[in-house]
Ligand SMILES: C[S@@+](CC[C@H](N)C(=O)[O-])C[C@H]1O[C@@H](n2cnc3c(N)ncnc32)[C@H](O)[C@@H]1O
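Have a look below at one chain only, the form predicted alone, in structure tokens format.
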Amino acid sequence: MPKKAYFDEKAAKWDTLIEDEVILRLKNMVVELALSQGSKVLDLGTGTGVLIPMLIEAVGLSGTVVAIDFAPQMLAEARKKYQWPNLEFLEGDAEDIPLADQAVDEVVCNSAFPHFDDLRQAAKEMSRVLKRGGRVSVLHPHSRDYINDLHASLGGAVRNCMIPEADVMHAIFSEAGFENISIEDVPQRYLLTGRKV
């Protein structure tokens, strides 16, 4: 089954698979990112929009959240749940983000990066749509090993969706034009951040 079909099929039940504890971890991570009020944030690979209310709260009424996903059914679920005047939904691929150059202040990518078909191209696109000095944040509410083991055990469309080793991730984002790249990989979270040069 192709990846898009896999996520479309899972969309209706997706939110029931997410534990409260995981939501809490994600909330804490978003709070730590300390997004600026009034900033424009891209939620790349938004899925059913798990992060949307947290991001909307962080940027405030003067800010904007653009939520993008490649699976139309995932977006449909997110649209059902969330309507804010400063929230925009777009269908699109991480390798070809449907936004102009330097369109956003922040790119946040939660639990989606290993699912992109071309990780290097996705990182380059994140860099392209970010303003200079803008930040990328790739996060998961679990460690790299946990995520990779989970995807391997699920098999099928996601069996090869792996988060690369830290040095490879560093290289991918460095080549895409990011500096001050840091990677935190601990039992209950994974966070890569970097600034666009």
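This is a predicted model, so every value here is computed, not measured. Residue positions are given as counts along the sequence shown, with the first one as 1.
Omitted from view is the form predicted in complex with this ligand, to which the following refers.
**Q** Find out whether any non-hydrogen atom of residue 7 is located within 4.5 angstroms of this ligand in the model of the complex, and reply yes or no.
**A** Because a heavy atom of residue 7 falls inside 4.5 Å of this ligand in the model of the complex, the answer is yes.
**Q** Hey, in the model of the complex, does residue 112 get a heavy atom within 4.5 angstroms of this ligand?
**A** Taking the distances in the model of the complex, the answer for residue 112 is yes, it comes within 4.5 Å of this ligand.
**Q** Does residue 50 make contact with this ligand in the model of the complex, using a 4.5 Å heavy atom cut-off?
**A** Yes.
**Q** So, in the model of the complex, is residue 183 in contact with this ligand at a 4.5 angstroms heavy atom limit?
**A** Although this ligand is absent here, residue 183 would stay clear of it in the model of the complex, with no heavy atoms inside 4.5 Å.
**Q** So which of 163 to 171, 64 to 72, 129 to 137, 31 to 39 is the stretch with heavy atoms within 4.5 Å of this ligand in the model of the complex?
**A** Stretch 64 to 72 is the one.
**Q** Taking heavy atoms and a 4.5 Å limit, what residues of 1 to 38 are near this ligand in the model of the complex?
**A** Stretch hits, in order: 7, 14, 18.
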